[in-house]
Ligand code: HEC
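A single chain comes next, written as structure tokens; it is the form predicted on its own.
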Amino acid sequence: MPNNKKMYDKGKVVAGLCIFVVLITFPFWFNLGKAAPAPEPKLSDKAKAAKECVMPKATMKTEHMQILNEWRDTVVRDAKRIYTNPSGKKFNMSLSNTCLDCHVEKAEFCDKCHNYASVTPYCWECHIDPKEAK
């Protein structure tokens, strides 16, 4: 009789594991192929006319926060304010006067991607939000 008891328990364990696996993986296979595409930030007319950012678009998408951190450290610690990009163009190292001069609509430029990536940058703890265009 003890052997039969073990057999019944084995079936319950296997069934329980199957139900557990289905419940845990449900969100993944239910949403398969439904991921939202990454937003494309809207550029201002000035940014479109400039045709060049501090770095290439792909670099700015992935490394803008590191660039801003390097700029902050260079300006504050070394008192250097001019950045020369790889193509030789010079920029003032300033979030407010360089970046936000072209990318004026925070909701359309910054917030779209930051919300998509679920990140909360600390830029606005010190810097004033740019005025939204109406």
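Just so it is clear, the model here is predicted, and its values are computed rather than measured. Quick note: we count residues from 1 along the sequence shown, nothing fancier.
This protein has a second form, the form predicted together with the named molecule, left out of what is shown; the following refers to that one.
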Verify the contact flag for Ile82: yes if a non-hydrogen atom of it lies within 4.5 Å of a non-hydrogen atom of the named molecule in the predicted complex, no if not.
-> no
Does at least one non-hydrogen atom of Cys126 fall within 4.5 angstroms of the named molecule in the predicted complex?
-> yes
Does any heavy atom of Ala38 come within 4.5 Å of a heavy atom of the named molecule in the predicted complex?
-> no
Using heavy atoms and a 4.5 Å limit, would one call Ala117 a contact residue for the named molecule in the predicted complex?
-> yes
Contacts with the named molecule in the predicted complex, stretch 69 to 83 (heavy atom within 4.5 Å) | Trp71, Arg72, Val75, Val76, Arg81
